[in-house]
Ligand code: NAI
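Single chain ahead, written as structure tokens, the form predicted on its own.
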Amino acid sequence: MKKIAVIGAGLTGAAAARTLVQQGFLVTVFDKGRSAGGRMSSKRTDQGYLDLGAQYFTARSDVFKQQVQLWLEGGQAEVWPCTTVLLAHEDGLSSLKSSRDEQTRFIGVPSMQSPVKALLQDIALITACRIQKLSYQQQSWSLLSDEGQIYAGFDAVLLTLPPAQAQQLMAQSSLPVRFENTADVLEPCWAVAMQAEASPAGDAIFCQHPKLRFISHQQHKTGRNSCYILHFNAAFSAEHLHKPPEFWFAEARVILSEELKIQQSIEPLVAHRWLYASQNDQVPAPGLITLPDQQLWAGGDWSYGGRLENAYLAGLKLAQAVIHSYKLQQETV
């Protein structure tokens, strides 16, 4: 039975792992975080979860629609009955405009990572484990963690990390680096959760704004803390990347009070920095990164232009690459 190591327990890694297990492969998933989810992670609080990463997902392809339907039937997802508005910023003034659409949006329940955890059910998952070096000898992979643990005997490795992290890992492993033009495909984002008792103007506030890309209110999200989540855009996040949470709380408070006209008390909850979040529109989507001779592949939502659905599809394509390679090996034996 072929042993596969998947590094990264986000949606791409989970989709790849599930597909491979269904085809009879033995899979172990590694993640540096405390739980699976990646950018679909939610933070647990006494009042409910905070969705600091992905706020929702949509389904366009038939294969992803089928998977979403399974999550709906299994209780790991539901439709988000959100109202959508636009926060426009023109001539130094902000205004809220109606922006209704017919798009169906889904969320994980009770947290965004629930669909990922469902895919990884009964699959070996090693968390709080940062892999810092890979070694390929005699057609077998060994993984070394930053705490000195060695995981050996893998026939193939899938990297579902952001390109910059995958590039660093491959450089540390003295492997051919194929990420020279893709390391900056993902841009940073600061996410800020703020508590306010005011009735929100909308659940999903799309932003044409010098600082913001999206504001979400969690009042209609099952299992969540009913609060605002502000996602600052890549340019503003990068400009102030190393500022402390207090800076971001202050920025969020001003926006909520002056631009969303909230007069009630506004209290900070959490500020979280995502170094690799939104897709850089100026960098072409690279597809999968492949080293088939070494049985190593890399991919993620960034491979096909962002969006959570593309993270899932990238996982399927990674698994298919492994399956195809294994069949070729069998044919040549």
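The numbering used is simple: start at 1 and walk along the sequence shown. Quick caveat: nothing in here was measured; it's all calculated off a predicted structure.
Not on display, but discussed next: the form predicted together with the ligand.
The ligand contact at R213 in the model of the complex, heavy atom, 4.5 Å: Yes, contact at 4.5 Å.
Although the partner isn't part of this model, could you tell me whether Q121 comes within 4.5 Å of the ligand in the model of the complex, counting any heavy atom of the residue? No, no contact at 4.5 Å.
Might T58 be said to contact the ligand in the model of the complex, defining contact as any heavy atom within 4.5 Å? Contact check for T58: yes, within 4.5 Å of the ligand in the model of the complex.
Report whether the minimum heavy atom distance between C189 and the ligand in the model of the complex is within 4.5 Å. C189: contacts the ligand in the model of the complex.
Going by heavy atom distances of 4.5 angstroms or less, which of Y136, F236, F249, F206 would be at the interface with the ligand in the model of the complex? Looking at Y136, F236, F249, F206 one by one, just F206 meets the 4.5 Å heavy-atom criterion.
Exactly one of A198, L72, L86, V109 has a non-hydrogen atom within 4.5 Å of the ligand in the model of the complex; which residue is it? The residue in contact is L86.
Partner-facing stretch of 257-265, 98-106, 239-247, 148-156, counted where any non-hydrogen atom is within 4.5 angstroms of the ligand in the model of the complex: Contact criterion met by 98-106 only.
Within 4.5 Å of the ligand in the model of the complex: residues from 296-316 (heavy atom criterion): Heavy-atom contacts within 4.5 Å come from R307 alone.
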